[in-house]
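Before any questions on how it binds or moves, here is one chain, the form predicted on its own, in structure tokens.
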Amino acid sequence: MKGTRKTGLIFFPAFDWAISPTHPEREERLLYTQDQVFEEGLLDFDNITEFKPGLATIEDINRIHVCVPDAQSVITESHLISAGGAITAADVVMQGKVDNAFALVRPPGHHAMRIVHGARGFCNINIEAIMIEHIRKKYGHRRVAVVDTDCHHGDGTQDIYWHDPDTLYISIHQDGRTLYPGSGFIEEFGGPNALGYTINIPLPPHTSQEGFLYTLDNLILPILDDYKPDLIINSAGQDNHYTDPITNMNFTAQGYAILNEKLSPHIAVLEGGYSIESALPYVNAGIILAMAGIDYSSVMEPDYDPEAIRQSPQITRYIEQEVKEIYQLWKDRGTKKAEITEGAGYLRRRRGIYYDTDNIEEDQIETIRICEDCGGLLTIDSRASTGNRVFAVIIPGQSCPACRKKGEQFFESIDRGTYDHVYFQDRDRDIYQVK
């Protein structure tokens, strides 16, 4: 049997990192998958190659995050290797060594937001965002689509790219009214300079393969056809599986494989998934075979019973209606900006952010310059229950001269005063300064 695509695999189970010995986010998550890959002989296929993960740097983190007080204080070496594994996946694809790559790494990252006071949702730093900005720095600007298939809304990735029209973020997840982090609703649609480039698809509990694939065929793939990204990234959470102990969905290993075959991501990066023995080995094997263009029809869980996990007719009707509504929002995205901005030069929003893993509360005031030419100058005033208060000036990628000039003037003029630190981040010029 021969595959049709060259696929790279990067493993990093992080043997020495776990939140606690019994926590669902622990090293066994990937050990069973690694065993399955070896036992099934997947690395014997000529078109599947394993690569060792590299090591991300502090500069890679500072390119997209503002860590308080600094990156070293919020990470371990395992976080650098996990992000480094995602970067390795990107490098082997961008250098043409393979057609696509799957980074099976942990700790995960999609709940880590731009400002980092600690860990939330088991995530300290956002490994996909670090990888995307590495790609843009090393290989030039790319228009990127992130399709997040984790059962939990990827509120961290959404936050980082909320104002970036060159990064389309699509999250398909269990309805936030029934699951952490309690966000990811349809009306969360992107910042004023990037309206429509955040797409949330909350699905009802007990959605099965039928509902996921209907949403893929009738919403996600048509939006991607319209957007025409240079790269598609799958933020590959696997906790939609019907055996996952902390979620309530009914997706399957076959469903994940079909989804990846149709989505055809350039890079997949593992996120959540906590059914360590009953789901992850099968789901990951299915995804790897699908990415490599190898028949995956025999990949099936031992207890698979389609009738036992079939979604109800009510769920089918709900999803069909929701898909119509979201696709109409996407088509109307160009008409919404004037309604929201009402001619203002800047817009401000205030948010409370909870770091559940580290029990930290953050009060954040974000101000965005309304701009027709780029994502807009962004400033963030952040105060945490740790006692830290910081201010960040962020120049967006592909910034216009006006937003850059105003940002530089802002950083020069701001008095450190009541702040513990003032940060300046310029993604285009790869500048990160602290005072």
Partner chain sequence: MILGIDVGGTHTDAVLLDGLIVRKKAKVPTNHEQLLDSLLAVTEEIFSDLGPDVLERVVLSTTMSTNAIVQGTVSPVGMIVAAGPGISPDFLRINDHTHIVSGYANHRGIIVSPVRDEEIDRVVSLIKDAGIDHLGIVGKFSTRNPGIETNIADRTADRFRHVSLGHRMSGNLNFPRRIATTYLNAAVWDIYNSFVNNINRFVSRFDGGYPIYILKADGGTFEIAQSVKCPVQTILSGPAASIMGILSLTECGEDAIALDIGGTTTDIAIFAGGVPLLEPLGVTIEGHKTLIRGLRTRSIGIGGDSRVRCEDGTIIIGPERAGPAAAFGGPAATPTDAMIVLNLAEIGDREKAVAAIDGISHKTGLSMVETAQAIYDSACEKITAAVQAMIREINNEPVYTVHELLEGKTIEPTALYVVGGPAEAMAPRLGELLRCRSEIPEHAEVANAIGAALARTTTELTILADTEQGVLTIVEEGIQIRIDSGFDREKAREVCREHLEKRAISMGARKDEIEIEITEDQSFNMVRGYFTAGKNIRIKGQVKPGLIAGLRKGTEA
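Numbering follows the first chain given and starts at 1. None of the values given here were measured: they were computed from a predicted structure.
Here the subject shifts to the form predicted together with its partner chain, a form of this protein not shown in this document.
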property: Partner-proximal stretch of 406-414, 378-386, 26-34, 66-74 relative to its partner chain in the predicted complex, 4.5 angstroms, heavy atom; result: 26-34
property: In the predicted complex, residue 14 touching its partner chain (heavy atom, 4.5 Å); result: yes
property: Its partner chain contact at residue 397 in the predicted complex, heavy atom, 4.5 Å; result: no
property: 4.5 Å heavy atom contact, residue 194 to its partner chain in the predicted complex; result: no
property: Residue 22 within 4.5 Å of its partner chain in the predicted complex, heavy atoms; result: yes
property: Its partner chain: the contacting residue among 289, 144, 199, 147 in the predicted complex [heavy atom, 4.5 Å]; result: 289
property: Contacting member of 309, 315, 216, 276, with respect to its partner chain in the predicted complex [4.5 Å, heavy atom]; result: 276
property: 52, 81 and 300 all contacting its partner chain in the predicted complex, non-hydrogen atom within 4.5 Å; result: yes
property: Interface residues of 278-292 toward its partner chain, as seen in the predicted complex [heavy atoms, 4.5 Å]; result: 281, 282, 289
